[in-house]
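Below you'll find only one chain, the form predicted alone, shown as structure tokens.
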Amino acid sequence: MPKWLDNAVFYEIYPQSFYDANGDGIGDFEGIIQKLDYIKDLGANALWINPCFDSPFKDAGYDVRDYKKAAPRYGTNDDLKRLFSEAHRRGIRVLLDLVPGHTSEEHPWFVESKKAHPNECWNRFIWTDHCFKRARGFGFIGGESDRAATYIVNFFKCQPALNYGFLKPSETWQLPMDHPDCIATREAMKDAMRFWLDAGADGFRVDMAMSLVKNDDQEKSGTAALWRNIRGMLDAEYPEAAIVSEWSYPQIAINAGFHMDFLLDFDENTGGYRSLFRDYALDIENRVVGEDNSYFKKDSKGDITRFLDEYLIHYKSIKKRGFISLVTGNHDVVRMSYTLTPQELALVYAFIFTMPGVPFLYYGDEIGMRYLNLPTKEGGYYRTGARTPMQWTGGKNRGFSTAEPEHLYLPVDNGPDAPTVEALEKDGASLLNTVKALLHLRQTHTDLQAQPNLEILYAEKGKRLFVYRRGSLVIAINPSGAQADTPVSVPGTPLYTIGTCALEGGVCKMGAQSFGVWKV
């Protein structure tokens, strides 16, 4: 386990939208480099950069055309290596976004694989054995190649699935995991990982990590075995490299060899992560319909037990072997600010940054950037509105770019009350300065870092108050609009508070929308 994860706080950057240094309307590596001091001052000491490899960008870079080449829109391989170097000089680690389950349909491997006659890449992707053979149970495409077969896709039509084999082949065209060609696919992905680790990357966030081996069982034993093989390579050759999975099932992901696994806004998590921030439904136009009972919504009916019932199962099963990663948001979901006020967001972040595990902060969430309803861009669809340019100043294009507005990758939030770094830095009580204070608190108290030292002191169904302990620290949150008290047998000295709260006389007294940390 890389030791640096013990106090890591990640900042996710969507490179198209972070900072445009050359004025062409799209973010770039140089733009990230120029903002590294901002990230360090914020309190983050690690980055996750969304896909930045060569791509036709039909899915915003998650359709990789060349795993060993930086996308020209961002810069060159040398520019990316310089980013690694400049980040390391500031004590910041960098994870790249690895997409191992599929490539672009323009990847040279697929161009070869779809040819009429067998070649080295013939089985690099999953093909049936006839031009009209359906790949039952999978998304598939036919009629677009000289090869007389249909092929499986992992997501969009433009993303053919790489072939790591089938746990239980049931058709003549399905290869077992130990077939030499399936092993060759795994080794080709290792080769791509080594390329960037040798260049200075510190590891990878892994897209759709559970999607590799097909016909897998419920425990994903085939895919887990594959990742354990890759983890073995990392442990032997790059012991300080870290991998975090987009899996949202920590028991399986950590068993598969990942150091961290996200809890995400997947449909099956309605009793967990979603109950905290997004316990509502959206219609086709992204309007909230029905009640919003998110725990952190001031006037909701939500309580913390819906989250804890799921979370504690994950936490107890993996706490000695890996970390759960809570996120403020990411490029795939509507921003929390869509339904939560800055005060509600402050309590959300206070919770995320004082829980065990390794937290991730999505760019712009620290200033409460808003979700915009926008037309789809590069396969973003409803997610597009969560990928808008970072808002640095009140000037042209919110300081993101000197390009004319019509040339921007996405439009900026031009609302008169759009939050910016420039404005919020001057306000001591702003959301931005709250995030800075919380991350400083986490970095200066080891009890608040990744270690699994969580003890629940108070959490009751139907009640809003939540009190927990991390080593020598007691933490309490009351997201509701009313006073909430509970007996707590330990006295404490206040270290940080939001709102009105106290821990005295054997009672934890929490005013409306309050948060507190006390040293026992």
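Numbers for residues come from their place in the sequence shown, where the first is 1. In this text, all values refer to a predicted model and were calculated from it rather than measured experimentally.
Below, we turn to the form predicted in complex with a small molecule, even though it does not appear here.
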* Applying a 4.5 Å heavy atom distance criterion, does His407 contact the small molecule in the predicted complex? -> no
* Does Asp59 reach the small molecule in the predicted complex if we count a contact as any heavy atom within 4.5 Å? -> yes
* Is there a non-hydrogen atom of Arg387 within 4.5 angstroms of a non-hydrogen atom of the small molecule in the predicted complex? -> yes
* Asked: Is there a heavy atom of Met208 no more than 4.5 Å from a heavy atom of the small molecule in the predicted complex?
  -> yes
* Note which of Phe155, Tyr382, Trp122, Tyr280 lies within 4.5 Å of the small molecule in the predicted complex, where distance is taken over heavy atoms; exactly one does. => Phe155
* Of Glu246, Glu344, Glu310, Asp303, the one that lies within 4.5 Å of the small molecule in the predicted complex (heavy atoms) -> Glu246
* Per-stretch contact check against the small molecule in the predicted complex, the hit in 444 to 452, 232 to 240, 325 to 333, 73 to 81 (non-hydrogen atom, 4.5 angstroms) -> 325 to 333
